[in-house]
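In the form predicted alone, a lone chain appears below as structure tokens.
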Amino acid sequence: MNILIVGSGAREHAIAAALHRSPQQPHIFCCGTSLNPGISQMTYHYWTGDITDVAAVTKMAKEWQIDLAIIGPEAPLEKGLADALWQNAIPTVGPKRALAQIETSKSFARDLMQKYDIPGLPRYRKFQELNGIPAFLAELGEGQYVVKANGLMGGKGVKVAGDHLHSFAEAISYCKEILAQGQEVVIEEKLVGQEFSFMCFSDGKQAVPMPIVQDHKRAFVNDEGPNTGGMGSYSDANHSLPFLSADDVQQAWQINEAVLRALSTELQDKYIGILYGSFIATHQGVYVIEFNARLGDPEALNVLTILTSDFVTICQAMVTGSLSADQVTFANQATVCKYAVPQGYPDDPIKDAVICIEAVKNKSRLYLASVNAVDGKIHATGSRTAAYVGVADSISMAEEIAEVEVRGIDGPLFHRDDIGTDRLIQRRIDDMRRLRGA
């Protein structure tokens, strides 16, 4: 069986590794933006180029006689790559363009939740011009708003009052910036609580959950510094998180299922692929921050590393509409993922530095990200470089493994050494207790 992976980051490295473990022994192919040696050592053919060039990727898929495609990042989904592959009789894990709007258009996602009366919707309004923005900011109150660009901005299009915006003037200035780029502005009430990622597999009728993960967006220790694509993440052995109640998990799962039903009804098409709800547990219940139409990065690394069932079978079931819960099993173990990133990341990262991974002992849980292999050397290209996933019976033990191994990635890099530590997790638990008490 010939399987194509679109994308060449750590998420796609984790996808390749999960496919490679399959007893079906598929032939793996990749279309990536750069040459990731972690992926290339598992592939039959590897093409580098613009993965949002739908015609070029489709041409490669036909030449390689691909039986099934898996789209990693969001940008090719927005360009309609899944539509083109299906039109060429190549079943694809990843929703078609209209369905992918659940991620690619924040206003579409909010309007869908409102139309279908789906819980977890914060107060929001969308704007195509400055008119009305100052009044809505004032209505929400000083420090009580979030400003978002409607479309894709590579994880950098959201600014939160108090964290990034310190006055109405700054908020209005950021709105002008978004509008100047031809984007719609979405303004929402600020939610206070603990964020978590709840991903699921979907065949268009049935959804099957994955372990819940918490990502860490801020660049520096103690959740300080600018937002990033994600500095690391952890999951617990019971597939929940230490600060979540069973009711929180149930609420989030029901929202995921309701959104999949609403998408199917609204667009009269099947949502095939991954739905990833980004949630926040507050003292008033669970709210939706946003949805993504693909596996999260780093969250994919946590869940795919402990996937014990056959990933090829799961992908086949998604595209044939035969997905069932018994096809999906994960080890009852905790995971901690830590990203090594270039010095200066995210604002002014060092680019093209050579890194060395020789000191990493268990390379099967090392995932290469924004790298390019040139003449046998691994070059860090300027975004997140490589991630290591520690796996153990407890978060604490998994963190110790991840910390030792991520330090084995040599180069002008840094990582957050607090992700998954007892101290940081206890802080999350205490914060949530205080909120619920309030």
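Counting begins at 1, following the sequence as shown. Note that this is a predicted model, so its numbers are computed, not measured.
Not pictured, yet referred to below: the form predicted in complex with adenosine monophosphate (AMP).
This chain is displayed alone, yet in the predicted complex one of 261, 176, 190, 283 has a heavy atom within 4.5 Å of adenosine monophosphate (AMP); that residue is 190. Checked against adenosine monophosphate (AMP) in the predicted complex, the residues 351, 115, 166, 217 give one hit for a heavy atom within 4.5 Å, which is 217. Of the heavy atoms in residue 212, none are within 4.5 Å of adenosine monophosphate (AMP) in the predicted complex.
For the chain shown alone, residue 331 is not a contact residue for adenosine monophosphate (AMP) in the predicted complex, no non-hydrogen atom being within 4.5 angstroms. Using a 4.5 angstroms limit between non-hydrogen atoms, residue 106 touches adenosine monophosphate (AMP) in the predicted complex. Using a 4.5 Å cutoff between non-hydrogen atoms, residue 96 does not count as a contact of adenosine monophosphate (AMP) in the predicted complex.
With adenosine monophosphate (AMP) left out of view, the stretch that reaches within 4.5 Å of it through heavy atoms in the predicted complex is, among 143-151, 358-366, 264-272, 317-325, 143-151. Taking adenosine monophosphate (AMP) as positioned in the predicted complex, none of the residues of 329-345 brings a heavy atom within 4.5 Å of it.
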